[in-house]
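Just the one chain here, the form predicted alone, laid out as structure tokens.
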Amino acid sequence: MNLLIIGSGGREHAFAWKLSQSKKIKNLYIAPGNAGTASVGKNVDIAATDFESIKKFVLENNINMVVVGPEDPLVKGIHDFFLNDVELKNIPVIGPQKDGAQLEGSKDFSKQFMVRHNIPTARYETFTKEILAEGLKFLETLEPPYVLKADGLAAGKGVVIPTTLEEAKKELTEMLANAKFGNASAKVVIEEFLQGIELSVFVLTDGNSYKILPAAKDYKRIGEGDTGLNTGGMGAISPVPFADENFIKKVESLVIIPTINGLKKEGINYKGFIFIGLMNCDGNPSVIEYNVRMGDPETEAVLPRIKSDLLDLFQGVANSNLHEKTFEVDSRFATTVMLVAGGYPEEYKKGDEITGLENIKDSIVFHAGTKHNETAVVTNGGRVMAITSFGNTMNEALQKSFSNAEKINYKGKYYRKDIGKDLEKYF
């Protein structure tokens, strides 16, 4: 069959790398892709939200399935676009329709959904510019630190966690009155801060049945010791040592089942991934957020651990028979270390030549912000590439990732050297 992956990051390279191993795939295309996806499929120069051009390509190339990597096209309704088009409606899209994508597209919608379906989450209120004064008062009822979330999509950077009341009030004013995140912060959700350790649980669903994929822990802050600004993610570890079978069973009964049932109850036909960002608070899960796609860089640690054909699971989603499918997971640790551009997540340069890729041993390099110019592979984004390695222990896997991170070079290269450090106490 012919398959099209939408997106251009490390997550999409991981999807392309994994799906290219399927014997069922004849042609694999990635739109727009990057320098890494070009090595396992064929890149197509179409933007992820250019639905008309995607339609033309899908019809001309006899595409049998579309896998949507990033959230933006899902929130903008790519799945609905296919369903509402007489020529496209029978081509399965892996990713929810617009109504389901609200789980990520609106933080306020997702919090209301959790409350409606008794899913454990932090106490919260939502505010707009018109009621900024009430928001400032609400902050006074909370203990520091404070969690402020832009309601809409802000490329993984719309959450700020001020540590003082003064700072929180200033941030709220910036977000609402001064549109710090543009239209994304026209509404802001203020939450109480949950004490605990974070992890990501991934579910694939056909709308009725579901499969729980390996969990992962990611690292969002730019600085070591979880300091500095939020990023799209600086690394990931899978499995998560504290997320044992007992904890995942709690997640399933308290979060996953009520989420799937809640979607059905609200008439939302959800086909695709649900990424559940959780806090483990003294052994109990509490939901921080939903995303409607796989995480990045968690995908780069999770997909390599799935030993079975991923396309088989996707066909289960497309044909609503996911309950009949099985998959096998590698018991080893997979660790991902993200190399980023100097200055990221603020101003950074593109177009710097990347060298040393030919020296990598015992790791998989997933490209994120890269492209080919006439003569070389160059940087083309803030997060440049992810180095994923296997090991029988977390530290064995990390050693390989860190060692190979040193072999890759470009101007301004930076990566966190403390990925996984906070997990050592759980062994």
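A residue's number is simply how far along the shown sequence it sits, counting from 1. Bear in mind the structure is a predicted one, so any value in this text is a computation, not a measurement.
Below, we refer to the form predicted together with a small molecule, which is not included among the displayed structures.
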Which of 346 to 354, 239 to 247, 287 to 295, 307 to 315 has heavy atoms within 4.5 Å of the small molecule in the model of the complex? 287 to 295
Could you tell me if residue 224 has a non-hydrogen atom within 4.5 Å of the small molecule in the model of the complex? no
Check whether residue 220 has any heavy atom within 4.5 Å of a heavy atom of the small molecule in the model of the complex, and answer yes or no. yes
Would you check, heavy atoms only and a 4.5 Å threshold, whether residue 327 touches the small molecule in the model of the complex? no
Can you check whether residue 167 is within 4.5 Å of the small molecule in the model of the complex, heavy atom basis? no
Each of 132, 136 and 171 within 4.5 Å of the small molecule in the model of the complex, by any heavy atom, yes or no? no
Which residue, 252, 108, 99, 192, has a heavy atom that falls within 4.5 Å of the small molecule in the model of the complex? 192
State the residue from 142, 83, 186, 159 whose non-hydrogen atoms include one within 4.5 Å of the small molecule in the model of the complex. 159
